[in-house]
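Taking the form predicted on its own, here's one chain by itself in structure tokens.
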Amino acid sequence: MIENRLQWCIGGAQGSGVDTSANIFSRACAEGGLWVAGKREYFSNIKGEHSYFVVRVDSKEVHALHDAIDMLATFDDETVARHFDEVVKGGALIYDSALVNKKIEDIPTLERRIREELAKRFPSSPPTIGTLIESCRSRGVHVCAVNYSSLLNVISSKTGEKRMSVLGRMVNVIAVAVSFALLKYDIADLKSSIDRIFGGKKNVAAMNGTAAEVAYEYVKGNFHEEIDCRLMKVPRGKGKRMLLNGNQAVALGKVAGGLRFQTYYPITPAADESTYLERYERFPMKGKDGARGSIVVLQTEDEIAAVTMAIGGALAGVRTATCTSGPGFSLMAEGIGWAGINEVPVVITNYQRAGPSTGMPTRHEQGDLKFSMYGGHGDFPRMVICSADMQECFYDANHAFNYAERYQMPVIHLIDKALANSTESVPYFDPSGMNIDRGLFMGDGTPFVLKEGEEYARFKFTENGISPRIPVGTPGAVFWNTGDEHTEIGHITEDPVLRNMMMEKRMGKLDLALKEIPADEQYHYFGDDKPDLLVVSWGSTKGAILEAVDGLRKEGKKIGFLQMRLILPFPAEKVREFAGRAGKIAVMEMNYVGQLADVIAEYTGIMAEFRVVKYNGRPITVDEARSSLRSILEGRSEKRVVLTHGA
């Protein structure tokens, strides 16, 4: 019997409540003291296509998923057809008994490839849902038939609700409740989670609570097999926890870091951050006797307007950001160049998704690394930082503002879809330790005085390249911002000497930043000091790699993991140092070419022997990371390894 260690999946047609059911499941586990990590997968349409949510539950903190599923909760036919093979022996499959005779070839939203593969695998007759159920049963999977229609009738009799349009919305909660009943989990935490998820909708919460009770009774009376998993409440220990996704972690970090103006044009998966900020534009100020803080969130007509308006906000002296995803970020390139030449401290949060062009709007990739570093006309300074977990999403949002204002340049904060749409229970963030560094800014009470006849030199040449900055419109100060090369006060110039001086002033700030930024904000290192294999990566692969590395070290393997946090400016000397202590080097990332591996080669001259890549739109799992790294350590690997797991 496996206790408090489970990977659960629920699926259904988009718009049928899959996200809500997963949130109820996750919160119920979290309320019982368990740790959760989940990922949301969905098509880029509004309703109808298949979506699913995988949730991993454990008694210890978790940050990545496995390949296999211990329990699959379904209430439609397509989820069975897509995921039945992922359920492990001893696990459980919950399905609608009314669908057993449904032919696979008659599921309209199932890709032809899958229908043809299943027809070849089960050639004796056209396969049905029942065929797949029997396949699971033969592998030792416990199958639990649920008569959803019958349960809805019972719920109707208990609640008095007769409208099937209302009752039908509860099948997802029934699937969740059946799951918990099979796992012997306390219904009290499930009902508490239902109340929280449905908030002020008391009637809806009450009906769904009744649905949970009916489902528990149904399992008790109809399913007598013991499945191999159990979930039980555990003591939470010290410290509060919260359940949130990457979009929310970044948004909270921005607010705690002093954000006052955010612009955006809606795009997946970035828009969720801005809509979350819009929901909480006014918020209480801790220890301020009822005072409330506020931000302005503005939806613009396109991404060009979003970045230029954000630049305007930064020129006005407030902490400003915009957020987008790959296609929108591409449109922002000219505006970012304008901010670069004018030394404007603006933050651009880029939630990467699968490209090129529109690509796969709702799927995962780490494909914007090089474009973030080099996209734009000519050479200009910018910083690129990469977050890899919820804590980094939160604290890096503040770091991005500090870097932007201290070094007066655009900062690109790279997140990826896997982080944006993943949900985790994490310890409370602690904003009290955040340091807000506005740099050489004379707009927050710092005196600004000019001598008689003196002009304000916004782009003044200084020893470290950083010039005194004031908000536009400051009385007594006149300066110019254009897209052209300029003098110290901003007048357009093409003088070759001034051009050299201005380029060296701007670009030199990158060297300054690399010297000043603390090491733990540039990279993290885990594992053996002199490993046989050094794994280098960035972004959301961190959780899977860390767990894989820990497991391999317990097997006696000598392995280390270098997580890159600061990509531009690139800490080349430290990378050379870590590489010099290692035997082999493998770079693991989620794009086709291995962009970080190319960057390492460019800045250090070191060519990684192995490139482990994945580009099918689904995140790297713990199992994929572990098996690929073990193969490299044991000398069984190709130089280029392509990972492919994902439904």
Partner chain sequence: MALKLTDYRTEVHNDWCPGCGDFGILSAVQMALAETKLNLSDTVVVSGIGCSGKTPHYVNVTGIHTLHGRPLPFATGIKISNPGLNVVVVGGDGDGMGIGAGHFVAAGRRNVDMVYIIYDNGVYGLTKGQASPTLKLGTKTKGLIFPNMTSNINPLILAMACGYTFVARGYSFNVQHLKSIIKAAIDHRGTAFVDVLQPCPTYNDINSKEWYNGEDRSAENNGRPLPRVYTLESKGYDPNVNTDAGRDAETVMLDAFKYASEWGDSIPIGVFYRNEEIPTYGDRILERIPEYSALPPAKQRIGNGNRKPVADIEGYMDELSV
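If you're wondering where the values come from, they're calculated on a predicted model, not measured in any experiment. Numbering follows the first chain given and starts at 1.
The following text describes the form predicted in complex with the partner chain, which does not appear among the structures shown.
At least one heavy atom of residue 480 is located within 4.5 Å of the partner chain in the model of the complex.
Taking the partner from the other structure, the partner chain in the model of the complex has no heavy atom within 4.5 Å of any heavy atom of residue 531. Using a 4.5 angstroms threshold between heavy atoms, residue 457 stays clear of the partner chain in the model of the complex. Although the partner is absent here, residue 490 lies within 4.5 Å of the partner chain in the model of the complex, judged by heavy atoms. Comment: 308 to 316 is the region of 346 to 354, 179 to 187, 368 to 376, 308 to 316 lying near the partner chain in the model of the complex, near meaning a non-hydrogen atom within 4.5 Å. Taking the partner from elsewhere, no residue among 554, 564 and 598 has a non-hydrogen atom within 4.5 angstroms of the partner chain in the model of the complex. Of the listed positions (66, 27, 584, 618), a single one reaches within 4.5 angstroms of the partner chain by any non-hydrogen atom in the model of the complex, namely 27.
Proximity to the partner chain in the model of the complex, taken as a non-hydrogen atom within 4.5 angstroms, holds for one residue of 358, 435, 165, 138, which is 435.
Of the residues in 231 to 256, those that come within 4.5 Å of the partner chain in the model of the complex through at least one heavy atom are, in sequence order, 236, 240, 241, 242, 243, 244, 248, 252, 255, 256.
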